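We begin with a single chain expressed as structure tokens, specifically the form predicted alone.
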Amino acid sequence: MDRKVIIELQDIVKQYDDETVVVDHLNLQIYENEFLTLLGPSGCGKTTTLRMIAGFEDPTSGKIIFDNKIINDIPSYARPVNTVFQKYSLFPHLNVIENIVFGLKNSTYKSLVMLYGEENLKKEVLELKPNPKGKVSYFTMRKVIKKHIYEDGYRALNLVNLKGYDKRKIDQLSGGQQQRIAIARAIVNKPRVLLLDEPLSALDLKLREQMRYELKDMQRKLGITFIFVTHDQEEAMTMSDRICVMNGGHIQQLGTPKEIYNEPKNRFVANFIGESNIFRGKYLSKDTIGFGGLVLNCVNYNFNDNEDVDIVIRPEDFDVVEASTSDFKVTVTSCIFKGVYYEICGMFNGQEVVIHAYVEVEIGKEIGLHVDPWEISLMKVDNHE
């Protein structure tokens, strides 16, 4: 079944007055109910892209389409999205529940009536205060709306696993709890899309790891689209349905975490996502490659015979074997214990090779390497490097 596109960016360009192009002819479709991560280094255009979707920045050219309608001219407050920033911007003078419902309480009467449904509200008002002529009291309507606002606030509080924290002051909360309150305040408005701009960056490592799983769980429960911005590849790999890897204002690769990791499209992606050994070689013939005097097998690639290719082998995909049993030999230059594995570095044909292994090896020793054909990835050579 085809997935519904909820947001489409068509040929988006963002250029500042000093002629710096931050986003360069970007095209992207974002699906309903997916967790999409914009991943890349600082200055790659990911946050600017998020801010254009939110309406905080205007594109220089191109179209932002939401549910098949162009929304370039719609102000941020009128878009069906909400944003959680790096700094949570919670109000210290308000308690938790008042922070959560602050946006709803300050919405216009008309927008609240639309949110909760005019007919349903009228029905509740007449049940509370019957009127033979069916007239609805404005003040009773406001009272019913307020009840709904706080019901939604407590529902959001439960969703972020902070039941019972409603009366606490903000300065009584940990960083992780404040982050959850910021998320609760965003989702209480029932946005179609939740935008998250590096919301975990201020948390310590252990809490950050915990919040990754909680965010993904929230997204599943809410059934709404999350667009998440980060420079942390582990965050992206852990939470995302799809990852959009960006650099220099361009999309380098778009795909599932597994696709991005196992089949990088270019050297930037291969080096940015995890660690990679990249060798320049040739696709000799069907399922056969050569580099550094070696001939190895690969699978499921169709390049021209003798075409130059970049060969990617992840450090964990090497098996360490006796040097006498393999033509792929390296001389060990370092061996560092990383807790779960040893990181072994060695030299092959003048190039450093990184290996992750579960055995310690002696520095200066020659070892053999074996790699399964299924673990070898091939990329077209970028002649503009």
Partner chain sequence: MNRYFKKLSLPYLVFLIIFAILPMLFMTVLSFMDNEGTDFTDAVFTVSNFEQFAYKSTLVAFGNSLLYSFVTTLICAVLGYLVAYKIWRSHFKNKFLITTLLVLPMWSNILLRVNALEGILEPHNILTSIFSKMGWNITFPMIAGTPFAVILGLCATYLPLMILTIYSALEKVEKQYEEASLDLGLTPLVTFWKVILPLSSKGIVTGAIMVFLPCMSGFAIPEILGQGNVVLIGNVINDAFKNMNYNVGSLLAIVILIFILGAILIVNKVDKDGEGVI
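Here the rigid core means the biggest group of C-alpha atoms that line up within 1.5 Å when the two forms are laid on top of each other. Residue numbers count along the first chain shown, from 1. Only a predicted model underlies this, so the values are computations on that prediction, with no experimental measurement involved.
The form predicted in complex with the partner chain exists for this protein as well; it is not shown, and the discussion that follows is about that form.
Novice: Tell me, out of F91, F139, Y213, Y109, which residue has a non-hydrogen atom within 4.5 angstroms of the partner chain in the model of the complex.
Specialist: After the contact test, the surviving option is F91.
Novice: Let me know the one among K329, R51, K63, H356 whose heavy atoms come within 4.5 Å of the partner chain in the model of the complex, would you?
Specialist: The residue from K329, R51, K63, H356 that makes the contact is R51.
Novice: Name the stretch: of 293-301, 275-283, 261-269, 69-77, exactly one has residues whose heavy atoms fall within 4.5 Å of the partner chain in the model of the complex.
Specialist: Stretch with heavy atoms near the partner: 69-77.
Novice: Does the 4.5 Å heavy atom contact test between F56 and the partner chain in the model of the complex come out positive?
Specialist: Flag for F56 set to yes.
Novice: Answer with yes or no whether Y154 is in contact with the partner chain in the model of the complex, where contact means some heavy atom within 4.5 Å.
Specialist: Y154: no, not in contact with the partner chain in the model of the complex.
Novice: Taking the shortest heavy atom distance, is K169 within 4.5 Å of the partner chain in the model of the complex?
Specialist: Flag for K169 set to yes.
Novice: Using a 4.5 angstroms cut-off on non-hydrogen atoms, would S201 count as touching the partner chain in the model of the complex?
Specialist: Because no heavy atom of S201 falls inside 4.5 Å of the partner chain in the model of the complex, the answer is no.
Novice: What residues in 320-344 sit within 4.5 Å of the partner chain in the model of the complex, counting heavy atoms only?
Specialist: Contacts from 320-344: none.
Novice: 2 Å or more on the CA of F91 between the shown form and the other one, with the rigid core superposed, yes or no?
Specialist: Shift at F91: 2 Å or more after core fit.
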